[in-house]
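Only one chain comes next, encoded as structure tokens, the form predicted on its own.
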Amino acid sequence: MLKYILRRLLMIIPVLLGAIIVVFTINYFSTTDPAMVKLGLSASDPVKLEAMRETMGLNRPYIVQLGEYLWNLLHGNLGDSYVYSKTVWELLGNRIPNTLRIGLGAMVISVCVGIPLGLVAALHQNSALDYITTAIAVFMNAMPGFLVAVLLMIVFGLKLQWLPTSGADSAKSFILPIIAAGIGPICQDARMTRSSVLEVIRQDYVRTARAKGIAEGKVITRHVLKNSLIPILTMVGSGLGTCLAGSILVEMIFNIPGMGMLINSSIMSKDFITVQGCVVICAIVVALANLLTDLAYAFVDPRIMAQYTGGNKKKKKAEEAA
């Protein structure tokens, strides 16, 4: 198992490296001069501008700047903001928890609601319950995220006045943002679960289990649901990235100080070093989510882990010896 985990960890490195290089390259070739952004009104003085460019290292070649940025990342340094006169870590310190609350909360409700809905729809295929569940899932998945957020804000915040519509002052402030960010993943998980369960439930071993007189509940949990988990886990793992991306829009609508708000304000103020830092953190979170998904694959289906640990080779040698 340790060998499998190490292999998966090593595969994360080129993915993160590629994401960092792409973002750095885009910012490097941007027409915006970071020295001008940092100087502000004083940028009109050519002497001060050139001195600032020299201090910030902007006159050095691309490969040198990229190497220095990667070296700083290895030491946990995301750089200093051009606009706020703070390190990027200081800006992210209080914002990362808010974004993770929304993203992880949305993923939890998508799993707890979407998978049972898909399972119920599959077990009652072609019934009224199946048609209603599928229709709602398709309709809600087609609705833009910002529209769902605004509707929730109007109904539960302004009309009923049950929940706050902005800020992050209390736990109640995160309820509407989490629901808004989780609506899309709920629908996707429900549709994927329904499709996967319907494919498995028609298999011969399921009919054999029923023919043996095994209770229907055990057939569903031990044979159907367990063998349907691979595509469901794939959807759940990729859903974390979707939830994080959705939380950026949700944070702006509900005025929650998170990474989404920071990225938006940094783009507007052309503070690209802060944008780079936010993208790096998002890439790390998504890569770790994919790692956890791969580990979950190994627990659900040991054959996957055997492909990386040499289990298949040992099996073939045993068969050849026999």
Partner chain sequence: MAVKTKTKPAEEDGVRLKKRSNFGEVWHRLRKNKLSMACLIFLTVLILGIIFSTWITPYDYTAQDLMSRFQLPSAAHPFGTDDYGRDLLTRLLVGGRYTLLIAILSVAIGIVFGMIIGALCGFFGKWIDSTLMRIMDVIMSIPGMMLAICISVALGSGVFNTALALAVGTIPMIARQLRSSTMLINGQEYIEAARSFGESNFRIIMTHVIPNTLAPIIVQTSLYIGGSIMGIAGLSFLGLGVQPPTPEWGNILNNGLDYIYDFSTRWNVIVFPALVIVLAELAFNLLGDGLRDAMDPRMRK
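Residue numbers count along the first chain shown, from 1. Only a predicted model underlies this, so the values are computations on that prediction, with no experimental measurement involved.
Below, we turn to the form predicted in complex with the partner chain, even though it does not appear here.
*Asks:* Between 163, 83, 209, 252, only one gets a heavy atom within 4.5 angstroms of the partner chain in the predicted complex; which residue is that?
*Replies:* Contact check passes for 252.
*Asks:* Taking 4.5 Å between heavy atoms as the contact cutoff, choose which of 112, 214, 143, 129 touches the partner chain in the predicted complex.
*Replies:* Flagged contact: 143.
*Asks:* Exactly one stretch in 57-65, 292-300, 260-268, 44-52 has heavy atoms within 4.5 Å of the partner chain in the predicted complex; which is it?
*Replies:* Of the stretches listed, the one contacting the partner is 260-268.
*Asks:* Might residue 282 be said to contact the partner chain in the predicted complex, defining contact as any heavy atom within 4.5 Å?
*Replies:* Flag for residue 282 set to yes.
*Asks:* Should residue 139 be classed as touching the partner chain in the predicted complex when contacts are defined as heavy atoms within 4.5 Å?
*Replies:* Taking the distances in the predicted complex, the answer for residue 139 is yes, it comes within 4.5 Å of the partner chain.
*Asks:* Should residue 191 be classed as touching the partner chain in the predicted complex when contacts are defined as heavy atoms within 4.5 Å?
*Replies:* Residue 191 belongs to the contact set for the partner chain.
*Asks:* Report whether the minimum heavy atom distance between residue 70 and the partner chain in the predicted complex is within 4.5 Å.
*Replies:* Residue-level check for residue 70: no, no contact with the partner chain.
*Asks:* All three of 18, 248 and 286 touching the partner chain in the predicted complex at 4.5 Å, heavy atom to heavy atom?
*Replies:* Answer is yes for this spot.
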